[in-house]
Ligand SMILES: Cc1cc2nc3c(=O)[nH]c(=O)nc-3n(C[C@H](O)[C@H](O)[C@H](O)COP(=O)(O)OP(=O)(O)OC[C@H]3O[C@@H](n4cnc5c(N)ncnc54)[C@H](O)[C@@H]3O)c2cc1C
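Just one chain follows, in the form predicted alone, and it is written as structure tokens.
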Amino acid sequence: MKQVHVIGAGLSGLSCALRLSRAGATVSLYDAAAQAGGRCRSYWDGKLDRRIDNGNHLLLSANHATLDYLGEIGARNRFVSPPQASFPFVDLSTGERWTISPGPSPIPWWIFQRDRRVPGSHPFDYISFLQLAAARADMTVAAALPKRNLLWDRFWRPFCTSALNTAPEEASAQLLWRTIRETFAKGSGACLPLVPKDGLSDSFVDPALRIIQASGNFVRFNHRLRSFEFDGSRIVTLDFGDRRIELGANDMVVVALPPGNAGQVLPGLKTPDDSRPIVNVHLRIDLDSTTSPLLPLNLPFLGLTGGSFDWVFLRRDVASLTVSAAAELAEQPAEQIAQQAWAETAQALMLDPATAHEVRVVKERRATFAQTPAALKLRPGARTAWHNLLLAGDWTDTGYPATIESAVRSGNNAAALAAEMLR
């Protein structure tokens, strides 16, 4: 029987296992943790007495691989989105509020409408995106967009940091351009934001697991891969410490682990080895008739500038803040981060600062690899030096930033190659 062993049950591993299962292969899915999802999951927090996500994620309608994945697992309706592409912001330093609303045409006529663009910006400020299109492979975003103006502070810097989890002074200009080319450059139809209604596990993980297991495949948690045994150009044994699995002659292996873990079990594998943290803060707010959060257009999120955090997401009585490329903030004590988070939340949502609340600070110290020009050269493809081993993960060379979309694309790529090799 043809079998594929998928190591890692994050979104890259889940999407790979799902596609292979659909193709008729027998799949064994392993994860070192007690649950699936990796960096995209939900859990019960005893302090908040609520189910929260370990991070915040915003999808766009241009994320076709992810939307197809959600369609396959029957979870497309578990997201909320506005009727049109809208991104509300507040500047915490001035109190000014606005909404960026791209128009339907790939030609950006919307920049000539004052109520659709960043206040104080000029339509011709937006033409600077063409400098990204012409950027060399070694250029950073800051080098490609040297002019510092209001649009830099209120659009380019927050967009780059959120999309690449890397500050524009070191982030790859070409990678940011690829993101813009697939989203804003195609008009509002590619920019519609989508947010999970009830959490990451409910939307991305649990439905996929049910389908994978219902097809007769094996899912094993608390199985940490210690090493491989090799015979020439093949993997012949999976070593999980207290359990060893001998591979059949036609068996395949897909390693869907973070880059550091993949490098530990695969000798000689070069991976992006520098990472950037993301800090998330979850606040359960004691809401009543006098403390109603202010969010425009009934959207569950709000962009933040002029403060410490990038975004605030609201799900019922839990506000979740996130900041990307958060190396400096991640070094601060959790109590200090919590105080700053509540101050910015109260201001952004126009809540009484005296409102009762509970706080949980979550630091993802190795959230993604640093998406610099040098690091992009280290992103490997799905194929490896071993004939029966493939790679998946948002850090592999998908041509997209290390996001949910990249993770799903990588899983799909590995599944397609594995299916072809098993024929």
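Given the structure is predicted, the values throughout are model-derived calculations rather than measurements. For every residue, the number given is its place in the sequence shown, counted from 1.
Heads up, the form predicted in complex with the named molecule isn't pictured, but that's what we're talking about next.
- Proximity to the named molecule in the predicted bound form, taken as a non-hydrogen atom within 4.5 angstroms, holds for one residue of 357, 360, 39, 50, which is 39.
- Exactly one listed residue, out of 275, 101, 217, 261, brings a non-hydrogen atom to within 4.5 Å of the named molecule in the predicted bound form: 261.
- In the predicted bound form, no heavy atom of residue 398 sits within 4.5 Å of the named molecule.
- By the criterion of a heavy atom within 4.5 Å, residue 418 is excluded from the residues contacting the named molecule in the predicted bound form.
- Shown alone here, residue 18 lies farther than 4.5 Å from the named molecule in the predicted bound form, counting heavy atoms only.
- Remark: residue 224 counts among the residues lining the named molecule in the predicted bound form, judged by a heavy atom distance of 4.5 Å or less.
- The stretch from 266 to 274, 250 to 258, 130 to 138, 228 to 236 that comes within 4.5 Å of the named molecule in the predicted bound form, counting heavy atoms only, is 250 to 258.
- Residues of 9 to 38 that come within 4.5 Å of the named molecule in the predicted bound form, judged by any heavy atom, are 9, 10, 11, 12, 13, 30, 31, 32, 33, 37, 38 in sequence order.
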